[in-house]
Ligand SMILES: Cc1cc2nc3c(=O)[nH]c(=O)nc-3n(C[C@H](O)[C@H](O)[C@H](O)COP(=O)(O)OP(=O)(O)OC[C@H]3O[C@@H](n4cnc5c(N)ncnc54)[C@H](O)[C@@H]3O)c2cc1C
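So this first bit is one chain, no partners, the form predicted alone, shown in structure tokens.
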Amino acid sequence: MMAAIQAAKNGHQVILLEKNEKLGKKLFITGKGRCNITNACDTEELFPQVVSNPKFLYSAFYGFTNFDVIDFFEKEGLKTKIERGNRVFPLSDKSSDVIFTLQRKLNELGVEIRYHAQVTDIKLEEGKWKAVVVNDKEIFKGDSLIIATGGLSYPITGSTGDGFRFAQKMGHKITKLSPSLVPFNISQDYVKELQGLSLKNVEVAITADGREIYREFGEMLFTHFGVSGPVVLSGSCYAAPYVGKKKLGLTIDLKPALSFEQLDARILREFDEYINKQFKNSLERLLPRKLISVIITLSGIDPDKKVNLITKEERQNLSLAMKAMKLNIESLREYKEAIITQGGISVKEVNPSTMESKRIKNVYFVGEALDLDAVTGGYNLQIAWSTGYLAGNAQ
């Protein structure tokens, strides 16, 4: 949509071929239906949030910045707001308003939108793009072709890897594909007991064969299969390349604001108040109820033991269970639960200042079809807006 708007603004006749019955199906579900449009951090702060090929995005992010995105929507009548972590949302909290704003602009610029128009083939002649075939029958020709087909995540929205197939036909390399921004399956059975428990202000670390590859502070959630939530989803971007190759571990610090010594002192204060009670009844103020039995098991302390009989060593084991709750990551969840796809069309074969293919003239690749991905917080949509803008503007 952003590419079509920009190309139309440059005076071109644009046809937008939409596979679905309506525009923006994936946009509709982003940010839990609220659509985290971008992030209002300093523009240079976007780059550290990009996991794959951040340098490739230099021209894109500076050519159409996060503040340009906010200005674009504000000028088109969509009021925005900034929330925790600089996340930018529509004031209405409705992703449908973002889609409506883009659609109205497309209509205003005279972009022709064809719905139920699935591109089934791309015709090449002497190494040049010639035409696209829609629904196996209709032929569309033009001067330029912009491919904005997304990846493989949420296939229900139409992202079924079409762009990868087209790119391969044109001789492009596709890097290893993986679900990303996706929950983890955890091997420990006790996660089922914790299903539905949401934790705020925890610190999560992920290791591959014991080497730390990710650490972040924030929110997470236990599910019937494992773990999810913002810090886990962002962590999956870093874990994805190691799945099936290395042993992945997840460590949760339930009390990141306290050092081991401070936590021990806090536990001692609690124990002083519960001195004649059983251990299992002494943790209510330290932990959410659902976590108590799990932490007791991990500490190795007899739940029926009287608090005044607990040794210093046992107390340290309790601190360790809270400061370093260890889980084994079995696998990533599937594409249907992944917010984005990691991997894609190799950026080495795409011009970073125009998004044009270096192999086939007048063919452009944008957004998630490229080997670009970032953590949560509006950064992946910023990649989409910026790359779409550059491709549209190159016309």
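In case it trips you up, residue 1 is the first one in the sequence shown, and so on. Everything quoted here is computed from the prediction, not taken from an experiment.
Note that the form predicted in complex with the named molecule isn't included here; everything after this is about it.
Judged by heavy atoms within 4.5 Å of the named molecule in the model of the complex, the contact stretch among the candidates 336 to 344, 349 to 357, 62 to 70, 322 to 330 is 336 to 344. Note on contacts: among G158, P288, P241, P256, the single residue with a heavy atom within 4.5 Å of the named molecule in the model of the complex is G158.
Only one of I267, A148, L248, L194 comes within 4.5 Å of the named molecule in the model of the complex through a heavy atom, and that residue is A148. Residue contact with the named molecule in the model of the complex: L17 places a heavy atom within 4.5 Å of it. Contact check for Y154: a heavy atom falls within 4.5 Å of the named molecule in the model of the complex. Within 4.5 Å of any heavy atom of the named molecule in the model of the complex lies no heavy atom of I174.
Within 4.5 Å of some heavy atom of the named molecule in the model of the complex lies at least one heavy atom of F166. The partner is not shown here, but in the model of the complex the stretch 11 to 50 reaches within 4.5 angstroms of the named molecule through a heavy atom at L17, E18, K19, N20, K26, I29, T30, G31, C35, N36.
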